[in-house]
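Shown next as structure tokens: one chain only, the form predicted on its own.
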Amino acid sequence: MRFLAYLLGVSIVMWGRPVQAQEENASTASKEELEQVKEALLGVSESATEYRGYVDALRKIKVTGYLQAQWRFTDVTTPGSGASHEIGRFSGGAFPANVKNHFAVRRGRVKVNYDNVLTQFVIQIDAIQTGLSIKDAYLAVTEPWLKSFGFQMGIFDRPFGYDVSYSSSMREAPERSRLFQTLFPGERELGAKVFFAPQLGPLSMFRADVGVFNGSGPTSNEYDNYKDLIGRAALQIPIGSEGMEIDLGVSGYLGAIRNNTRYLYTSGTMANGDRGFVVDSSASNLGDGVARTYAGVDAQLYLDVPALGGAVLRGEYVFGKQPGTSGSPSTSQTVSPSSQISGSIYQRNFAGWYATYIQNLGTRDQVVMRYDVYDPNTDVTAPDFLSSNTSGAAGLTASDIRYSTLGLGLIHHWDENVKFVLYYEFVRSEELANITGSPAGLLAYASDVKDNVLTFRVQYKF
């Protein structure tokens, strides 16, 4: 019995040691596995933190864009064949010679905006069949305390009026009015501005922008030492509780361009007593600045028309002094110059305005009507054009003719991305009844020139 008890004890000890060893090994293995899992979790956490940073950065990037493909037709008899004006210049671009209809990509924009709440980086590219160009390239910084004041620098919209900054993807008419295309070709400009735009409180209805710019356009190098001061103040006023609102704005432009000669022509009475231009040939004019000054007012009324839908009535009026040249074609001599004028400068008093009415028809359709007027020389009218004052450096030319345009259009929103636009422009120039034979350059304007334009456009926006 004692021997059996001894053998049993030895067996228990022998069998017990491996079990204990296994438990000790298992415990050690479990600790190592836990450490490995812990390290793996730490790695995942670090990776998640890193990826979260990438995701947060990507959330700040907003990519938008739109493409406008179109077909246009003009009723001109012989486009580009010796005509003294460029048909369609203000209706989406001049028609090529001997072409009455054509397809084109009017705009192909891609815009990248990196918005870091108080700072912004924006760049926008335009790609069409004739090439690639920059539309926007600027930075903006807002102060962190009141979040109401900011600074912006680069290429961006000039802060003048409403039409300039109203996006081409949102605008109901295919193009801006002749007035604004003449004064602000390309809409953008190189410069810097400060702005006041409160987001909260009673002043949130008010915005003011003022900046200093080259004055040579968005893609041209500066050509003189003069800088232009441009500013606008706007106020939004709600009306009642029906969603009606009226927005009001006032704008100013104070600038100059360098005179490269000693000759400056301004409107006046010629030696023969007719209306025309008088010349100042003072030696001090060479290198001096010729004033380029505008003043403007704008208003937008938003209302709801029973049984039809929302409606907008929008208008602007601008007047001032515009430096340019003289002669033909009339459509380019008073456009704000993007390079130094090498010859004599003609300074004209001008005025222009437009009125637009947009009526929603349900949720997908709209009708639009716009009437715009541009008078490049308010000191003369059609009866002032005579055979005795339409030649020579002091004479009136096609650059002094007044234009008016009536546009009628239909818009259909296919979905949230696609819209179709059908728009017809009745373009009328002053009829120079007193021009019966000469000069030949003005004879085409003895009656209204055929330059109406039909536009069919499809837009995709994302």
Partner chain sequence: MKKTILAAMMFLLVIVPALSEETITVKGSDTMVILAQRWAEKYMQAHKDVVIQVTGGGSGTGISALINGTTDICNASRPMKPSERDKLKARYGSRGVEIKAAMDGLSVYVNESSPVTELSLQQLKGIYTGKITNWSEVGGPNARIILYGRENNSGTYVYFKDNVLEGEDYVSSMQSLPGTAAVVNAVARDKNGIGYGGAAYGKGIRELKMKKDAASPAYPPTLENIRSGDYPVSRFLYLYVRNRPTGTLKEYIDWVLGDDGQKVVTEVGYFPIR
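Everything quoted here is computed from the prediction, not taken from an experiment. Residue numbers count along the first chain shown, from 1.
One more form of this protein exists, namely the form predicted together with its partner chain; it is left out here, but the text below deals with it.
- Although its partner chain is omitted here, in the model of the complex all of D247, N360 and T363 have a heavy atom within 4.5 Å of it.
- Annotated contact segment (heavy atom within 4.5 Å of its partner chain in the model of the complex): 311 to 319, selected among 221 to 229, 290 to 298, 311 to 319, 367 to 375.
- Heavy atoms of Q340 never reach within 4.5 Å of its partner chain in the model of the complex, leaving it off the interface.
- Contact check for D304: a non-hydrogen atom falls within 4.5 Å of its partner chain in the model of the complex.
- Using a 4.5 Å cutoff between non-hydrogen atoms, K38 does not count as a contact of its partner chain in the model of the complex.
- Its partner chain in the model of the complex is approached by M170, whose closest heavy atom lies within 4.5 angstroms of it.
- Of the residues Y166, F121, Y263, F195, just one reaches its partner chain in the model of the complex with a heavy atom at 4.5 Å or closer; this is Y166.
- Here is the short version: of G273, G268, G243, P383, the single residue with a heavy atom within 4.5 Å of its partner chain in the model of the complex is G243.
- In sequence order, E172, P198, Q199, L200, S204 are the residues of 172 to 204 having a heavy atom within 4.5 Å of its partner chain in the model of the complex; the partner itself is omitted from this view.
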